[in-house]
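Take a look at this single chain in structure tokens; it is the form predicted alone.
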């Protein structure tokens, strides 16, 4: 790494890493473990007020899977804390007992006791169930969880061309578009399934997803990452076709970079020949995304944008959301680790400073999720239908790992 940060990088990285560790272990995890686990019925409460009070007892299946994955991942890759595995088991047993319909697809919402409330229309419930069961099988040696993970993953691949099935509202023949959300989760999920899936099969799904994002959604000419495109990468001239989602863009980009980072550098295998090109494209696309998405008036990243500067379809476009900034932290810290370019470290610092000033809640723990444009909370809830024990602890854990890798490179004389 040849940049102006070299002389002070080591101390700064260590200081920031310690802040992330304290937040994870002393604020975020205690909040969820204290308030979210339903000790009577199993599973996790999702809807929590600022102080952790439960304000709705419905349980959303994708958040159950996310919670299981997060607690299991902490156990397998951070510290073998038995309580984390026990709390993961509370989610696993609830999911096993109540989570699937007769076809094996995962419901979207259940009541507190496990009665289904919303049909299995959302394939992301299945994706997080597969990831959660896979990681829990590693944490606990649970063979049933492993089998559920594998069967769910196979079912996801069967459904992916028409994931909502009979619940689809759009008439695809009249506007055949491809959305970025599914290949994004495919990149992450292929890595999380790991050795539970045959390597050739996993690599094929991973490559398919990476190719869709890099060849269709990333528009080099317009310097933007489009949420929805035609099958040839073209852009429908409508609000949906002009939609930019900075959080999704940064999230999928760091997923891709983390995946290709481990590819052989000098392999003759053509599958890996574009490793460097993908890293170059992905890191540059991060810069385009941040430059377009940063609010120069109030700070923070916008939730949605219109690529042509027209009024965005989403009325909440100018809000600042927890997950967008959590994924941005991972993206820019990884980009800096891979490239050593000061511009990525500066973006990381900028987002990091904003996060700790606006989202962190030292009084009651965890982070606020939803801010108005100026940075004040629009609601003080800490959990809900969409926010659970996932993006924040995952980002904290991921950044701790990236900090450690930067330290190792620095101390090894490669910084």
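Numbering follows the first chain given and starts at 1. None of these values were measured; they are calculated from a predicted model.
Beyond the structure shown, there is the form predicted together with another copy of the chain, which is absent from this document and is the topic of what follows.
4.5 Å heavy atom contact, residue 355 to another copy of the chain in the model of the complex: Residue-level check for residue 355: no, no contact with another copy of the chain.
Is residue 80 near another copy of the chain? Define near as a heavy atom within 4.5 Å, in the model of the complex.
Although another copy of the chain is absent here, residue 80 would stay clear of it in the model of the complex, with no heavy atoms inside 4.5 Å.
- Query: Could you tell me if residue 310 has a non-hydrogen atom within 4.5 Å of another copy of the chain in the model of the complex?
  - Reply: Contact check for residue 310: yes, within 4.5 Å of another copy of the chain in the model of the complex.
Original post:
Is residue 175 one of the residues lying within 4.5 Å of another copy of the chain in the model of the complex, judged by heavy atom distances?
Top reply: Result yes; residue 175 sits at the interface with another copy of the chain in the model of the complex.
- Query: 344-352, 357-365, 57-65, 34-42: which one contacts another copy of the chain in the model of the complex at 4.5 Å, heavy atom to heavy atom?
  - Reply: Result for this chain: 57-65.
Q | Position in contact with another copy of the chain when the complex is considered in the model of the complex, options 153, 107, 136, 255, heavy atoms within 4.5 Å | A | Contact check passes for 107.
- Item | Contact assignment for another copy of the chain in the model of the complex, among 201, 179, 287, 118, heavy atom within 4.5 Å | Of 201, 179, 287, 118, the residue with a heavy atom within 4.5 Å of another copy of the chain in the model of the complex is 118.
So which bits of 301-320 sit within 4.5 Å of another copy of the chain in the model of the complex, heavy atoms only? Contacting residues: 303, 310, 311, 312, 313, 315, 316, 317, 318, 319.
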